[in-house]
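Listed next as structure tokens is one chain, alone, in the form predicted on its own.
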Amino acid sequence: MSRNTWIWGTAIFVLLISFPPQWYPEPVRLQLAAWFGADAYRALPESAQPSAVKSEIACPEDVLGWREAQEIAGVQIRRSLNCVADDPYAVAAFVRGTNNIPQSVLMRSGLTQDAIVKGRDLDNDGDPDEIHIRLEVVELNGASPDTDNLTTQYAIAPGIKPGLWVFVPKMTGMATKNFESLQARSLLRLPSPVIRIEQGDHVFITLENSHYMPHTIHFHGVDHPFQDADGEGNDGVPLTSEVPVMPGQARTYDLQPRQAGTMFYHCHVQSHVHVMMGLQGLFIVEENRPNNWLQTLNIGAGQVRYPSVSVKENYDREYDLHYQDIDRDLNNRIQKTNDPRLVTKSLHRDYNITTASSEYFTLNGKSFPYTFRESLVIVKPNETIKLRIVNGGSSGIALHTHGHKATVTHRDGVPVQPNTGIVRDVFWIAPAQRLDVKLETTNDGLHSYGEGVWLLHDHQGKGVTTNGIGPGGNISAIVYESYLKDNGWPRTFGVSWDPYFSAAYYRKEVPVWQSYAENLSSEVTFDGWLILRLLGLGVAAGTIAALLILQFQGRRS
């Protein structure tokens, strides 16, 4: 017997004995069983021990007392029942204006004295009508020349830190919490702040471009002239109205909206990129009322702690809800380099939005479970709640309210006719579309089913995941105060949430049900026999392939 024949025989023999029987086609398995008898019972592999999960604290302690109702600089700030609240000193500055508050309040707010300047009362009704807002652009989770770590870090969920650009109010001091931290301070976050003004106000918005990219602001749906009084572009669109605001430069936009409603604003430079990077926010024009001091900015959206006069006339509470999705392939390009030339090439020439897909889905700049810290819609029975909703993402969302059916009162800032206000529990919201929704908590089996912790989420499957892992995404809830703990965390009666507050869970390292269905969902122990079979199969297949190649080459020569 020749050497090649022996090798051929050995390789085929190893191939046959290594091939896992369960891989044979069913007719072959049945014939083999008829010839040699059925295989003996093979027990399933043992379950591995449950993974050790290191979880974050679900609800951080409110050490600064930001959640409490308080009066600051004459501003009565409502209590925040959510676990994590916004800075009440910043709220006071946004209401009175940074030029009208004591220096001690200004310093604690972290804003510059010209960040929100409130001037004359033009219609003599007791509130300022000249408003000057100054915004900057900040990069979050970007590359740094000084460290391999991301800088100005902002997490949307445990361990999830996509690259972002956001508009922020003009601030003093550092971008991080302190000299030893890389964490962004509370004013620097996704989404860009909600802007609130009054119908008829003369508003100046200055973009001081502190970023390395050119930017503009386009006021989407907001009444504004195409050019200002000096003939300068006023629409924020480089294609038609103006050259973008270059790094280190500034431009002031001039507007005096005549119609109230829930609008939108965003950068319009390479808008398919800049908008999705996070340069977008709600722009709300409130109805004109006497003595109507407004919370000009709402950082991070969520609860409005100082509602307008017109809202208080008709509603018990008000919430701003900003939905957005994030494509890692786009956003994380700024984490590879901080060279503006390379970033520009990567975003504007290498990135192709027509092949894009989103992995992260946020509500008010957070994904589940962080949404439960600060973006719960907290209510009591027999209340009427105003929800202002914008879809800032790249695809539509089907927003579903568990336990409630609500009514759309406005679309894109325009009131719907009273007889067309359909009561429903799923609302379709297209990209850039805004809805004003009236949520009533009367327990009548229609508007509300009663008290509880009722989910609020996009009913498309991907919207409730984070990089394909669920639960995640934009899941939040309508929570009744009777189901809320003192620290702002809801009382739930289901599974343990510990895995969801672990970065390992969203790295796909933790079986989803291991804490309460261990044998069903645990990892499988190492199957050594199967590995040996596969190794033998690989060696035999490789040997046969090599022999075939040698034989073919021999015939050609």
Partner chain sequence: MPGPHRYCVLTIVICLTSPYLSYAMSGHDMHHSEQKQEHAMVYNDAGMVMNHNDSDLPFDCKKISRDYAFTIHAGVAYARDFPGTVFGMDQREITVDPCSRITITFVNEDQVRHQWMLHGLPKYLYDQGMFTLEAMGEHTQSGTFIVPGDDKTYLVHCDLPQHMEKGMKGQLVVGRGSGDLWSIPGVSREFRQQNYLPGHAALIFLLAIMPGITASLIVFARCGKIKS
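Residue numbers count along the first chain shown, from 1. Not measured: the values here are computed from a predicted model.
The next section is about a form of this same protein that is not shown, the form predicted together with its partner chain.
Not displayed here, its partner chain is kept clear of residue 409 by more than 4.5 Å at the level of heavy atoms in the predicted bound form.
With a 4.5 Å cutoff on heavy atoms, residue 107 counts as touching its partner chain in the predicted bound form.
Using a 4.5 angstroms threshold between heavy atoms, residue 426 stays clear of its partner chain in the predicted bound form.
Interface residue remark: residue 451 is not counted as part of the site for its partner chain in the predicted bound form, having no heavy atom within 4.5 Å. The stretch that touches its partner chain in the predicted bound form, counting heavy atoms within 4.5 Å, is 164-172, out of 164-172, 322-330, 370-378, 233-241.
Interface residue among 139, 458, 86, 198, judged by heavy atoms within 4.5 Å of its partner chain in the predicted bound form: 139. This chain is drawn without its partner chain; in the predicted bound form, the residue among 359, 208, 440, 129 with a heavy atom within 4.5 Å of it is 208. Counting a residue when any of its non-hydrogen atoms is within 4.5 Å of its partner chain in the predicted bound form, the hits in 227-254 run 247, 248, 249, 250.
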